[in-house]
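In the form predicted alone, a lone chain appears below as structure tokens.
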């Protein structure tokens, strides 16, 4: 997600479920609809190639998408480095069994990790300790293994060990300070403590499943014990990596066959002020040394304030590049252009010859040692150059060596880099130009993604688009959040865009069922089918649009800030929305070449609520036709495959449909609106098919151009 505030909302707000069965072709053929609409696909007059990056993913750490979501560390505030040092931690029974406890910085593990918990008990007690609540609890699975690790240092007294207990939360209403209120899922004891910092690690196997478990640590014996870097990490991660990602969520992404992964956002890139901006260099290297930062979405919405929302950066730039590689997507990192979020402080880094500061620039402090608390534009430019070296440089280079040291000797082959998130106005353009020139001077083949701002039209949008085209920007990023009807009405948005020069990235879009930023928005079928209709216009203009992604990507059902979102999850389960299945049907059927398509009555795409596009897949020897019937009636179509060769006798239909435009998917009904596959006959170059009411259909027809 990118921007959010009421100003943005005002800007943009102006702006047969399957005929008795889902056997599709046979069942639908038995209906008695009116005359068929003829659609001619000019197979023998192919258009431009479809970019491999056409359909992709936009990731931002909003809605607990990273910590508590894709990044499966179960301990919140594991190193006590947050501004509120004990956030996520509670003393057992109010810490009554401890004579003292404090977060200290006396002889820490390192300068980067310089806070730890010191507990002292005058007498031994089974309640002498703390509980960590996790991220809205901890999702624990029966029989699964979890690696518990911790740094310990024994102080004065006779502390002989640390008892580690993983337990259910217990009865609803039992506070996290309660002891013994839930069933024990796993337990162990750590001994061999010394007077120096030492890391201890053990594997816990759970005897039960719990969606909201918690971790309890208690001292054995009396005296003082120092505790730091407390981690509980599932063994079951994607590719079994030690610092890996949550498997079910990555699988949902990989199943989409995405062309790219844009990261890390979104307004996360900008920060509310420049001190809180996302700095990629602080997200690589040793995980225990990555300094956390407040999440800029934590208090953005009064209706969903989340003061405990921080970024641990366990999921950092190295992991984003790894994820891109794992799911076969081009990495598209977006970097700060020297501007904080213009909906917040609008703080600016000075361009050479100017002074820093926006109209409300604060004297912000991150609360930690910081690489550069008063950066100029040159700082941001150098960060970009260093990132490209980190991704693509040899082991002999400074930043390439850091990538190699983290375990990836070969380059990530970075081809795209974004300059700014969705900034607007002359402040952006005056920073973009020197930024772009510096990147191009050192890396002339790098494709730069630029920003047209948060709105899809208007004076600022027009001015930015015009200037960026003059500067020969490779890609302009356009964003639009609007009501479902906007998407159906704007299916021809790119019909008259230039076919040469700068290309378009539809970088953030999603239909809003109620209003932009409303907590009542739903991932309804109406929103999803409207997006499917709009995407036929993207595909018809694939010579102008080379990237597109829905936003936001993830949301935790108990910790969201923004709706709608493409994939929802709790601590154990996840599901794709109808919007997810629309995106997946496009991204798994992208084709390789555009095919011109027109109606026999010369009607425009979308007229009479019929939307369509077509591509050839030269790899499989198929013609792919996408059809949206935004109508409550079944609709017959005849598809004239003009000039097609070697037609097969049967095609494959994938249909996503519901008679209820308000239908949604849920954790308990994840497939309420989901695609169904069936075959249909192909007897000639005139293929007949009947579209289900309120449906999105993908037809794959064997045939070459």
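Keep in mind that this is a model prediction, so the values were computed, not measured. Numbering follows the first chain given and starts at 1.
Keep in mind the form predicted together with ligand AHR is missing from the figure; the text below concerns it.
Asker: Please determine whether residue 421 contacts ligand AHR in the predicted complex, using a 4.5 Å cut-off between heavy atoms.
Answerer: Residue 421 belongs to the contact set for ligand AHR.
Asker: Evaluate residue 578 for contact with ligand AHR in the predicted complex, applying a 4.5 angstroms cut-off between non-hydrogen atoms, and reply yes or no.
Answerer: Heavy-atom contact with ligand AHR at 4.5 Å: absent for residue 578.
Asker: Just to confirm, residue 488 within 4.5 Å of ligand AHR in the predicted complex by heavy atoms?
Answerer: Residue 488: no, not in contact with ligand AHR in the predicted complex.
Asker: Any chance residue 338 has a heavy atom within 4.5 Å of ligand AHR in the predicted complex?
Answerer: No, residue 338 is distant from the partner.
Asker: Can you check 433-441, 232-240, 263-271, 533-541 and let me know which stretch has heavy atoms within 4.5 Å of ligand AHR in the predicted complex?
Answerer: Of the options given, it is 263-271.
Asker: Tell me, which of 525, 428, 481, 505 has a heavy atom within 4.5 angstroms of ligand AHR in the predicted complex?
Answerer: So the residue touching ligand AHR in the predicted complex, by this definition, is 481.
Asker: So which of 562, 569, 586, 317 reaches within 4.5 angstroms of ligand AHR in the predicted complex, heavy atom to heavy atom?
Answerer: Exactly one residue meets the criterion: 562.
Asker: For the stretch 540-557, I need every residue with any heavy atom inside 4.5 Å of ligand AHR in the predicted complex, listed N to C.
Answerer: 551, 552, in sequence order.
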